[in-house]
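Before any questions on binding or motion, here is one chain by itself as structure tokens, the form predicted alone.
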Amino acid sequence: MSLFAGLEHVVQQDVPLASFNSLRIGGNAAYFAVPTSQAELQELVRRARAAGMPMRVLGDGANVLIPSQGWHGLVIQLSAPDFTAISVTANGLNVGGGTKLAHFVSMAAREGFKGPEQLVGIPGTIGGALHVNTSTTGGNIGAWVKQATVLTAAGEVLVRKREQLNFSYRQSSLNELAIIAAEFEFEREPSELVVRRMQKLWIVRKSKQPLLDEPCAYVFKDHGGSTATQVLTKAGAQGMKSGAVEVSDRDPNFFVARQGATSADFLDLVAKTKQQVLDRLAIELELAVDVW
């Protein structure tokens, strides 16, 4: 622990990661840190970088596949209050990178900010959502960003203005180590209308997804004018499985991890479903999961 001397209050060793992701798969992290301030975050990164230690930032673990053999580096989680604050401005919200996407969506709806209600029911944090430009048919989170505060792998804090950012389908130019905070701007609408629309969307979305207590991940990106769900259904992916990981019977673009599932099971099922889609439809699907 000498590498992180003086930071023992925020760093633990040999921490199991299975409980920190939606698939509940993953071995131990050599080091796991929950910094309480930006200064602590920067110091952690500087020390790890100087030691040549690999680093990853873990949000709430949605759509992340962590190796069953673990992560031999530093895992950082921005779940402390300094990174999860959310405040209302005249035209939008200032949001910490570790803020739950659900909190962001509900706050925007209550304030009468139009747009984020389209993301209801999608798991994740603001940092993770911006990194992959979380999208639905109704919109994407990048459309509302005014600026983002990021941390580089060298421990430097930078502010990226809207004109410096690029967002496309499930991609963004925000590829630094961590997104510390972001400022959003929205159009206004009577809050009761936004809330009502959010509630309807939530009911529809949850009726089509795996049950809340099922360890799962949303696996592939949509392809062309079809959703990945439509492509997988057409290719007959329902019922496929590998080891303890299986295609969800509610939506084939969700893989469910049963008791004893491993990262190898998951990747094997990815390979099998991709190949079946390629063989039957001549479509090559792209992975939406962040594989460590």
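Sequential numbering from 1, following the sequence displayed. Here the structure is a predicted model, which means the values were calculated and not measured.
One more form of this protein should be noted, the form predicted in complex with a small molecule, which is absent from this view; the next part is about it.
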Flag residue 218 as yes or no: does it have a non-hydrogen atom within 4.5 angstroms of any non-hydrogen atom of the small molecule in the model of the complex? yes
Discussion item. Can you work out whether residue 234 and the small molecule are in contact in the model of the complex, taking contact to mean some heavy atom pair no more than 4.5 Å apart?
Written reply: no
Heavy atom of residue 176 within 4.5 Å of the small molecule in the model of the complex:
yes
TODO: Evaluate residue 132 for contact with the small molecule in the model of the complex, applying a 4.5 angstroms cut-off between non-hydrogen atoms, and reply yes or no.
DONE: yes
Partner contact check in the model of the complex: of 160-168, 95-103, 189-197, 108-116, the stretch with a heavy atom within 4.5 Å of the small molecule is 95-103
None of 256, 58, 33, 261 but one has a heavy atom within 4.5 Å of the small molecule in the model of the complex; the exception is 58
Partner-free chain; cross-checking the small molecule in the model of the complex, the single residue of 29, 247, 64, 48 with a heavy atom within 4.5 Å is 64
